[in-house]
Ligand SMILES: NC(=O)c1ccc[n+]([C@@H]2O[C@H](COP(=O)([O-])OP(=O)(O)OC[C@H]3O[C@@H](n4cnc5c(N)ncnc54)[C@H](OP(=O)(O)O)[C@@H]3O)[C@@H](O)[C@H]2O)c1
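This document opens with one chain alone, in structure tokens, the form predicted alone.
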Amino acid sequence: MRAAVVRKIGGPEAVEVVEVPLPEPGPFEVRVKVAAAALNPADAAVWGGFFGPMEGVEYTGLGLDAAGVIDAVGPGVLLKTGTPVIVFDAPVVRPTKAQAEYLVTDLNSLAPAPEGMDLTLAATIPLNAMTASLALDHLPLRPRDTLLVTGAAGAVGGYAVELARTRGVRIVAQGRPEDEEFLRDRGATWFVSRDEELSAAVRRFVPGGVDGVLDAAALGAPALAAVRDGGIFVSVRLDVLPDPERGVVVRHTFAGPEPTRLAYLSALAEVGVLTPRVARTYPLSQATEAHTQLARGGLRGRIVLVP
């Protein structure tokens, strides 16, 4: 089968598509025939060397998100072949991952795909929606409490706004000026432009500061300044975590396999509560070009590879 891999640390040009052995599912594993695989910043972290040098391995695969149909099952699996699923393939470094024609994963990493949804859209749900959902769990906000979401029109931020709306939270959404209509449609109560000084802009609407921040844009200290004394700040990146101040609780969140949560998020997407977005698709054969576009940035929605 074909798979997108990297053999050495570098830029997106390090990504190549190679022929690798077809993986076989072991006990409590399934093999998925991949219909679509989304690109995420975690992929850039692999080929950029964030997880360290590649020592003792010929290559490592790419991709944490996939959607497809079950192609084969291992011992102990009762699921039927042909079942559409979404997959959160959490291990970052292993020989082949989601950006391939086939993917072997364990039962804890998959959930039913949203019924009736194109699998290209469904492939964008797992990592980003899981991250948003877990981040909100670190923010025990009650209805009518206030939440700032930075980078609110991004993949994690967009899902965070929609999920926070279901909890009755009043949301200050930060984004580009052209994102305002989109974010208000998703459930934002107020909008602030990323061109404004963040704390002052937020305090126009919430003078004492918001109860919590989900820092999806990894702004760090400028976002912390918008939180009230004794509030909660949650970041999706450990490397930009600000020092606590004014009694603000500072937390970091990251997503891992949780099949029940993934199934719940898939169901929310199925009924239209969550809005998957695809910015651009590429065939698997053009994985290098897709990763080059990922590094370039500037898109709203995910880049998706289609084998």
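As the structure is a prediction and not an experimental result, all values here were calculated from the model. Throughout, we count residues from 1 along the sequence that is shown.
Although it is not shown, the form predicted together with the named molecule is what the next lines describe.
- Where does the named molecule sit in the predicted complex: which of 262 to 270, 278 to 286, 22 to 30, 249 to 257, heavy atoms within 4.5 Å? Heavy atoms within 4.5 Å of the named molecule in the predicted complex occur in 249 to 257.
- Item | Non-hydrogen atom contact N128 with the named molecule in the predicted complex at 4.5 angstroms | Result yes; N128 sits at the interface with the named molecule in the predicted complex.
- Item | Exercise: R2 in contact with the named molecule in the predicted complex, heavy atom 4.5 Å | Because no heavy atom of R2 falls inside 4.5 Å of the named molecule in the predicted complex, the answer is no.
- Within a 4.5 Å heavy atom cut-off, is G154 in contact with the named molecule in the predicted complex? Yes, G154 sits close enough to the named molecule in the predicted complex that at least one of its heavy atoms falls within 4.5 Å.
- Task: Report yes if any heavy atom of Q174 sits within 4.5 Å of a heavy atom of the named molecule in the predicted complex; otherwise report no.
- Result: Judged by the heavy-atom cut-off of 4.5 Å, Q174 is in contact with the named molecule in the predicted complex.
- Every residue in L136, V161 and R184 with a non-hydrogen atom within 4.5 Å of the named molecule in the predicted complex? No, the candidate spot makes no contact with the named molecule.
- Task: Answer with one of L147, A216, A123, L110: the residue that has a non-hydrogen atom within 4.5 Å of the named molecule in the predicted complex.
- Result: Exactly one residue meets the criterion: A216.
- Could you tell me which one of R167, R194, R228, R203 places a heavy atom within 4.5 Å of the named molecule in the predicted complex? Residue within 4.5 Å of the partner: R194.
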